[in-house]
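Next up: a single chain in structure tokens, the form predicted on its own.
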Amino acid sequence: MTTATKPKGGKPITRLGDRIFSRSTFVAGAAILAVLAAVAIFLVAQSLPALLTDPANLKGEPSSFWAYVGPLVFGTLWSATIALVLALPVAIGIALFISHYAPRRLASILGYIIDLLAAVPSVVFGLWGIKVLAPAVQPLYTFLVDHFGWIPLFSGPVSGTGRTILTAAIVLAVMILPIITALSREVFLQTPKLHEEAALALGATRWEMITMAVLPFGRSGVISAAMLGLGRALGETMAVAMVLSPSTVVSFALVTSVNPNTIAANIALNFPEAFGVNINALIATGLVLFVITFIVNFIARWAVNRRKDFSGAN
């Protein structure tokens, strides 16, 4: 019987495969930081001419660059927030049904459909929003204005085409629904069986078990899924550009024909015709969107880290 000899210095022998894998992961991680830094440097460098130029040179002749980008920031945050509010409860409900209520075969089929929905191109969602959703919800908008017009969100006049900020938000909600659902489902499935069985053994119903064991355990994962979906909604371009009839306004009204635009849609619609400093202005709005997305991700990470000891998401 032979015994392994200890290497000199007491250090363990590192195999060639381990060294290659370790260095490959380091290079991959460094590449992500390098690409992110390169994008940030490009955006800052290309944005400076627009930030330093006379506002009269910008499209629409705003009083300042921030007066130009302000309504776009509002429209971006407003549409994405509405989409998240619409999608999050539905996504959690679907995820709970798949993970704890549906039979195994049905759950497998639903999970496949959800994953397939995430692969649909955004332009298809835009076409669906224009041709199907906008005409279908127009009578609903008329009803909301007629009966709830005293609420500022539903103040008239109602749009005659249905192409409003609410329609765009519904399209965004459908687009981010599979992302939030898929991630929430995986987090709920990671709930320790002992926690679930203990709750049921104490006499809890299935819903009480979910509220006491599953939802607290998966809270951080759901937050991460919601923020990932919000990031998708913030940066969506084609669907919003196709559905929305935008204006440079700040308005909370949801069903009128005057709607705020988003940063991504504004870049897509105006970049082909832009020239000179207006190209730099569009890139500068992209820098603003970059910062907003970074802040959203930072808040999500902070929220997740607060409960990392109680979650299976980390």
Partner chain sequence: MKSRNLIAAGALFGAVALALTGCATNETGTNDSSGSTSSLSGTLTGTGASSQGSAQEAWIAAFQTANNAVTVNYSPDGSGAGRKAFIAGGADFAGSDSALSDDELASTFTACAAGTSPVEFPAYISPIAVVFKVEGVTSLNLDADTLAKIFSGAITTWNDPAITALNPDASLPDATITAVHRSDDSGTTKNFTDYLHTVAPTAWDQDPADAFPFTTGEGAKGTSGVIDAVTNGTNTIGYADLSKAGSLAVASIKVGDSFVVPTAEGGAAVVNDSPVVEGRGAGDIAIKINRSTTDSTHYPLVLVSYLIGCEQYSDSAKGALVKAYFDYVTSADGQATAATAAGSAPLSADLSAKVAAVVATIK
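All of these numbers come straight from a predicted model, not from anything done at the bench. Numbering follows the first chain given and starts at 1.
What comes next is about the form predicted in complex with its partner chain, which is not displayed.
Among residues of the shown chain, E273 is one whose heavy atoms approach its partner chain to within 4.5 Å in the predicted complex. Proximity of T248 to its partner chain in the predicted complex falls within the 4.5 Å heavy atom cutoff. In the predicted complex, no heavy atom of A45 sits within 4.5 Å of its partner chain. The shortest heavy atom separation between S122 and its partner chain in the predicted complex exceeds 4.5 Å. Checked against its partner chain in the predicted complex, the candidates V214, I179, L244, L84 yield a single residue with a heavy atom inside 4.5 Å, and that residue is L244.
Contact with its partner chain in the predicted complex, judged by any heavy atom within 4.5 Å, is made by just one of T161, Q190, T205, S108: T161. Although the partner is absent from the chain shown here, K131, P135 and V258 each have a heavy atom within 4.5 Å of its partner chain in the predicted complex. Residue heavy atoms within 4.5 Å of its partner chain in the predicted complex occur in exactly one stretch of 263-271, 49-57, 31-39, 285-293, and that stretch is 263-271.
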